[in-house]
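The chain below stands alone and is given in structure tokens; this is the form predicted alone.
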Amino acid sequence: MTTEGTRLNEILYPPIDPYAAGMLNVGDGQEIYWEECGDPRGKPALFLHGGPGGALTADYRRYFDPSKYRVILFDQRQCGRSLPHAASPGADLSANTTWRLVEDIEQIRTDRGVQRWQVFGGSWGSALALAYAEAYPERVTELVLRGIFTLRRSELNWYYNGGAGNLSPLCWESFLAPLGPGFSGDCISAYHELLFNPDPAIHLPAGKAWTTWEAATSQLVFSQQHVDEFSDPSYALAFARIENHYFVNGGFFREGQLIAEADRLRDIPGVIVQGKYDLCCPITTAVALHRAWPQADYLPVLAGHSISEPAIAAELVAATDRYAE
């Protein structure tokens, strides 16, 4: 195990298996995989994974004290163990939108018999957490957020149209390669054509290139192990397709909506953990959210973007520990 991995393992709670899991039919032909771990009588908490298009990992259960929390986690539409999968032939993402995910969360809450819960999310998970909390503030006890992402056009352009590429030029060249020599234009739109092309010889390399760009730039120090974790072709294609689908559609938000409506969070305690050198989701967005939601604790740390970076993980665990009391 690397030094970083050892430090992370010391910060997180020990590995834990779910005590319950299942599939929930949420309509639109969608079945959502969910699981619960910790204490069935503990404080309810909901974990929202990133992407969109990511999936649960076993370590995500470890950010909560299992003796105090009842943690509910789920794979969002068409990724992870949820069905149908976005990497399947003829995948149709038309029923995969932010607001359908928000209603999926409500269905899970009702199905699991939860009245109110803490909502924990990072990167895309922070956007989904904000969307849910702004729609249903009465259901949220606290928000624990990191790597703030609100899908404003400036954020998408920074990461996918050249800004971030100036700080990681070799990785950026690999990202541009499927678009052809001398490409100039909107990379998000151009990738959309590749990712949804029915020919595997086109969509599989595009999925890998899109997903590798994120994996390669999401930690302060490049980690080949982290890139390898994203390399499964089915995972990479689903991740890329769902992300691109959301980004082409601006996250299904009005421009700047999540920050503009942050006044709805004024009665919700919260924590914003943000890597100072986050290449994927620059710190400017976290600052904008904190200005709109000053009730939250704002905690910039020496890190990049990933939840697995020890400086980020330590603050997240400290927050869940504090709210458990």
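Quick caveat, the model's predicted, so the values are computed rather than measured. All residue numbers refer to positions in the sequence shown, first residue = 1.
Another form exists, predicted together with a small molecule; not displayed. Remarks below refer to it.
Review point. Thinking of the small molecule in the predicted bound form, which stretch from 193-201, 111-119, 95-103, 243-251 has heavy atoms inside 4.5 Å of it?
Key: Only one stretch passes the 4.5 Å heavy-atom test: 243-251.
Check your understanding: Mind checking whether each of G51, G54 and F239 has a heavy atom within 4.5 Å of the small molecule in the predicted bound form?
Key -> Checking in the predicted bound form: G51, G54 and F239 are all within 4.5 Å of the small molecule.
Check your understanding: Do S123 and the small molecule share at least one heavy atom pair within 4.5 Å in the predicted bound form?
Key -> Result yes; S123 sits at the interface with the small molecule in the predicted bound form.
Exercise for review: Report whether the minimum heavy atom distance between C280 and the small molecule in the predicted bound form is within 4.5 Å.
Suggested key: Although the small molecule is absent here, C280 would touch it in the predicted bound form, with heavy atoms inside 4.5 Å.
Check your understanding: Any chance F74 has a heavy atom within 4.5 Å of the small molecule in the predicted bound form?
Key -> So F74 does not count as contacting the small molecule.
Check your understanding: Counting only non-hydrogen atoms and a 4.5 angstroms cut-off, does E214 reach the small molecule in the predicted bound form?
Key -> Taking the distances in the predicted bound form, the answer for E214 is yes, it comes within 4.5 Å of the small molecule.
**Study point:** F222, Y136, F230, W158 - the one with a heavy atom within 4.5 Å of the small molecule in the predicted bound form
**Key:** Looking at F222, Y136, F230, W158 one by one, just F230 meets the 4.5 Å heavy-atom criterion.
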